[in-house]
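In structure tokens, the next block holds one chain alone, the form predicted alone.
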């Protein structure tokens, strides 16, 4: 018999999709039966109480979690998120319900043994509820009590060789895609760069000293599988600066129906005959592609690396060989101000160890942001407040036409009067020169 009546939560199980409510109920039932005879270190009815407090929140239309103080582990200011219920008498199992962020492995590669060890630890010292993964990328352990924090941290670091992730006003856990490990589109080794910066900036990761959070995300190509362009204060997106490689025989194989477009992703549906004009050329955002007889032509200096043509015809089109990454800055979700996408800062840089050029840019940005940033102000909001020109000054980078989509289009890029000679005419001439090159 359930400990709490949850009629509103029960509705979330009624649709065709998997429900987190069902998962928590399953864990609650497992803990109640305790067929493995685990000596739980936190209340056995924690999962039942989490359902009860959530039902109450739905009923009252407000949260019943409160911020009751900072919790953490010795020496670390980040990695643990304090959670307290404001109804401890009604729901004693979740009077404390702290969350731990665990630094996920690069590319999120696991062994089953490692996953079992994590789950056994959390079953024993926590609620057994996990989130694989949080929006930052971490493995998330949901719900434990204050006395268990040091115990969990000790077992993670000494037995599993595993570190906590970031939380608070610090560097959040860097997150990457699988990169060269499995993806033919990867333009640099995302896991190598992610690991290097994670190890280099351990202090910034674990001891909050920033105005607010700061995120690194690493995408191996412009497909942006970890969405760095929309979520990272500093995103590293793989790119190339030579020509897209074309296999004209494979192009004809796609046109003739011998090869399925989109790598066969639509198998099982009859989408009709593949039409390269309609499905590739007309959808090119810069209109840089055309057919010349039986050959596909690309004006590569106009290509903006959207990846659409390569995704549709991966056997015919390949990324270039002169590979590196672009650095974009300032992306974020709505906080003090609205959502922002990343702005181009470094159009192309080689991603080669020990990554000193990249680290130099990072540290110049941090010095400026820590000096000028307001409390809870993300980098993107500081850029908007002080201008892109100021960012170029502190990073000592020269203005580049590739930093803007077109003249006058970026709302917070302002140039000093003495730097602008001919105004609009000068801008147009610069863009003409760039595209002529």
Partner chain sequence: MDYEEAKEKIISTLSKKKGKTKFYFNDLAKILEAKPRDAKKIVNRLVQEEVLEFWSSGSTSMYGLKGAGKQAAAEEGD
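Positions refer to the first chain, counted from 1. Bear in mind the structure is a predicted one, so any value in this text is a computation, not a measurement.
One more form of this protein, predicted in complex with its partner chain, exists but is not displayed; see below.
> I'd like to know whether residue 106 contacts its partner chain in the predicted complex, with contact meaning heavy atoms within 4.5 angstroms.
Because no heavy atom of residue 106 falls inside 4.5 Å of its partner chain in the predicted complex, the answer is no.
> Using a 4.5 angstroms cut-off on non-hydrogen atoms, would residue 135 count as touching its partner chain in the predicted complex?
Residue 135: no contact with its partner chain in the predicted complex.
> Using heavy atoms and a 4.5 Å limit, would one call residue 282 a contact residue for its partner chain in the predicted complex?
Result no; residue 282 lies far from its partner chain in the predicted complex.
> Consider residue 52 of the chain shown here, and say whether it contacts its partner chain in the predicted complex, taking contact as heavy atoms within 4.5 Å.
The answer is no: residue 52 has no heavy atom within 4.5 Å of its partner chain.
> Could you tell me which one of 216, 240, 185, 76 places a heavy atom within 4.5 Å of its partner chain in the predicted complex?
Only one option qualifies, and that one is 76.
> Which one of 168, 261, 128, 222 is close to its partner chain in the predicted complex, taking close to mean a heavy atom within 4.5 Å?
Of the listed residues, the single hit is 168.
> So if I measure heavy atom distances to its partner chain in the predicted complex, which of the stretches 177 to 185, 117 to 125, 205 to 213, 320 to 328 falls within 4.5 Å?
Within 4.5 Å of the partner lies stretch 205 to 213.
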